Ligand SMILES: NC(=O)c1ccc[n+]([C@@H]2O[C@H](COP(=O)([O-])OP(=O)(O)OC[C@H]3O[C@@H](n4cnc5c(N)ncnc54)[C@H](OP(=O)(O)O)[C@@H]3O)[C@@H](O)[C@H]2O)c1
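Encoded as structure tokens, the following chain is the form predicted alone, with no partner shown.
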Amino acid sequence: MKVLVTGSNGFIGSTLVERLLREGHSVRCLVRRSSNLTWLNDLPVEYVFADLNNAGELGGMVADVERLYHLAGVTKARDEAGYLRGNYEATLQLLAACRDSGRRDLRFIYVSSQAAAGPSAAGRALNEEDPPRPISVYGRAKLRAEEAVQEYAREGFATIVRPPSVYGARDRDIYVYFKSVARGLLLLLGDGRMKISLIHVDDLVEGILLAGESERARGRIYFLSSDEASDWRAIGSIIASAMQKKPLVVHVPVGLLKPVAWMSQLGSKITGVPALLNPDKVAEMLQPGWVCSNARARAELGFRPRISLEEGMTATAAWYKEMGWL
């Protein structure tokens, strides 16, 4: 089967590409000419160099594919326009190319984010029936893209998956915690009790593939997460154990977030580089939880996450060490 993957050079995208190749599929990777292709080097893939925001560069590239996995997106931008351009507008262009192809057997799988749904209330996991309440510009941009995909699903085959925080080999977000622990320090915001859902990248890729194969998945949204949520105290402890470290635990006062975010944004205006910490990030970090339920994916897709947090964090730590990141 021929498949197209956008965002194929990223952490999740490249892991998906490798899995597709192992299963014998022919993989076309949509990338920019400026993209870092480190994780795709030496893989037997076909490259299509294009900008998702340039409709003229998309024509014909989906005409002969049976699956389209859309992972490309923008997680850091200077302003709302940047988030909308990289997530919502790019998705609109790709959906238009699918319509123009005339392929009615093409399956479009959109990898969104839990950010589109928003945070969970204390003690309760989100499910797909809950009204979306994104609290960040990024989340709102992803939700608008979801709405466009659902509109497309009225005429074609489209499915949306929403992963929570993803970790594993090649990830650079949760890597920050590993790096801190390696230096002997574990930072916890407040009391560290905020709960989140996590998923190992290999389990996520399994869920993405199931969503692309199931007839029941048309027009559906699925949270793809591990079975259990964890708080940051437990996550930090597991990371420390995986690295055989006993770091100093430092609780960061919540009140420090806003002034630090203000300074980070000021620096962003001066340098033109998106701020690492901004008011949206602060708002996300102050929520009681980011927990979602995978019950629908289990029932309808047969999704079964197989990698425990302890196993996944241990394997991730080993990969970081092997690559010289730690």
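Here the structure is a predicted model, which is why all the values come from computation and not from measurement. The first residue of the shown sequence is 1; numbering continues from there.
Heads up, the form predicted in complex with this ligand isn't pictured, but that's what we're talking about next.
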item	value
Contact residue in the model of the complex, from Gly212, Gly73, Pro119, Gly139 (heavy atom within 4.5 Å of this ligand)	Gly73
4.5 Å heavy atom contact, Ser35 to this ligand in the model of the complex	yes
Close approach of Gly13 to this ligand in the model of the complex, 4.5 Å, heavy atom	yes
In the model of the complex, Asn41 touching this ligand (heavy atom, 4.5 Å)	no
Partner contact for Leu94 in the model of the complex: this ligand, 4.5 angstroms, heavy atom	no
Segment that reaches this ligand in the model of the complex - one of 229 to 237, 244 to 252, 189 to 197, 74 to 82, heavy atoms within 4.5 Å	74 to 82
Sequence-ordered list of residues in 198 to 213 near this ligand in the model of the complex, where near means a heavy atom within 4.5 Å	none
